[in-house]
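Only one chain is given next, in structure tokens, and it is the form predicted on its own.
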């Protein structure tokens, strides 16, 4: 690439780069400023770390942080595995492949709120469809429980429903990224491996996985960011067990404490930045290791 071409490329990218950096900088500056206000309305102290001290002393904050961490640790690899399975399925040539791809894309066309409400209706107590099924009310299915399951009274069950909805709603994004990665792998490599007697598992392990690491890295980073800041599914399906996203909303809209909400939001931004940095370093190491292997 010549000097003029590089200059032209940077000139084209500069407006978008300037907009993103400026917008993020202004928002971050405002969040930091608001978070340093502490006290009752009209009598706030500035600057003060009172919001952060109160946050670190709050059991509700630590409980929300624990739930959010579990949501990220389980949800991120789950979305990767589901997306990888679907991508491997539709990457192969078979009849009606286009129709199957279109069906797998349907979840992304449904708004998150609608998906969460549908799941809420399916698992409602005591006459949701799932409870009807488990209670044997449908006639053709054996009775498995003696009383309706209250899915929303149990933290693991409620957050599990939120995770189920999140994974189902976002799986097309993971599938598309991994499908693009699969499409970039040359078929000649697989033909050469088959000629040398490699099994399907060996082809997957030594050809597919190493060359799919960049796509998997994109999925892990993007999905982890989404999991950290998830709001809709926990808000609707697990209202009694707040995560950081719902705790921020409660602090701002219910408790009417924008400064405390800003402090919580800054902690969330830091967690996202740290997670992204750690994931990038780990994935870079894995990519180098797998390529050398």
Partner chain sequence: MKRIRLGWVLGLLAALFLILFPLYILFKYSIADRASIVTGGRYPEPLWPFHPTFEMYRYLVSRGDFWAAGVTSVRIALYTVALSLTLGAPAAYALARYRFAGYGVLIFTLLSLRLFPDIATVIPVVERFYKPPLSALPVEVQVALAHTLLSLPYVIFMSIGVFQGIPRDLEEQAAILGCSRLYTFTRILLPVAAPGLAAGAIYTFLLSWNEFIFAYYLTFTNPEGATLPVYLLRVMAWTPQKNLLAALAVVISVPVILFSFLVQKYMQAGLTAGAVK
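Model, not experiment: these values are computed from the prediction. Numbering follows the first chain given and starts at 1. The term rigid core refers to the maximal set of C-alpha atoms that superpose within 1.5 Å between the two forms.
Form predicted together with the partner chain: not shown, discussed below.
A.B. asks: Exactly one of 157, 185, 105, 209 has a non-hydrogen atom within 4.5 Å of the partner chain in the predicted complex; which residue is it?
C.D. replies: None of the others qualify; the residue that does is 105.
A.B. asks: Between 36, 64, 55, 268, only one gets a heavy atom within 4.5 angstroms of the partner chain in the predicted complex; which residue is that?
C.D. replies: Looking at 36, 64, 55, 268 one by one, just 268 meets the 4.5 Å heavy-atom criterion.
A.B. asks: Taking any heavy atom pair closer than or equal to 4.5 Å as contact, tell me whether residue 44 reaches the partner chain in the predicted complex.
C.D. replies: So residue 44 does not count as contacting the partner chain.
A.B. asks: With a 4.5 Å heavy atom cut-off, would you call residue 5 a contact of the partner chain in the predicted complex?
C.D. replies: Yes, residue 5 is a contact residue.
A.B. asks: Can residue 143 be called a contact residue for the partner chain in the predicted complex at 4.5 Å between heavy atoms?
C.D. replies: No.
A.B. asks: Do residue 197 and the partner chain share at least one heavy atom pair within 4.5 Å in the predicted complex?
C.D. replies: Heavy-atom contact with the partner chain at 4.5 Å: absent for residue 197.
A.B. asks: In the predicted complex, does each residue in the set 13, 28 and 245 place a non-hydrogen atom within 4.5 angstroms of the partner chain?
C.D. replies: All of them do, each having a heavy atom within 4.5 Å of the partner.
A.B. asks: Considering only 93 to 132, what residues come within 4.5 Å of the partner chain in the predicted complex, judged by heavy atoms?
C.D. replies: Going through 93 to 132 in order - heavy atoms within 4.5 Å of the partner chain in the predicted complex - the hits are 94, 100, 101, 102, 103, 104, 105, 106, 107, 108, 109, 110, 111, 113, 114, 117, 118, 120, 121, 122, 124, 127, 128, 129, 132.
A.B. asks: Taking the rigid core as the reference frame, tell me whether residue 107 has a CA displacement of 2 angstroms or more between the shown form and the other one.
C.D. replies: False for residue 107: its C-alpha shift is below 2 Å.
A.B. asks: After fitting the rigid core, is the C-alpha of residue 136 off by 2 Å or more between the shown form and the other one?
C.D. replies: After core superposition, the displacement of the residue 136 C-alpha between the shown form and the other one reaches the 2 Å mark, so yes.
A.B. asks: Does residue 194 move appreciably between the shown form and the other one, meaning a CA displacement of 2 Å or more on the superposed rigid core?
C.D. replies: Shift at residue 194: 2 Å or more after core fit.
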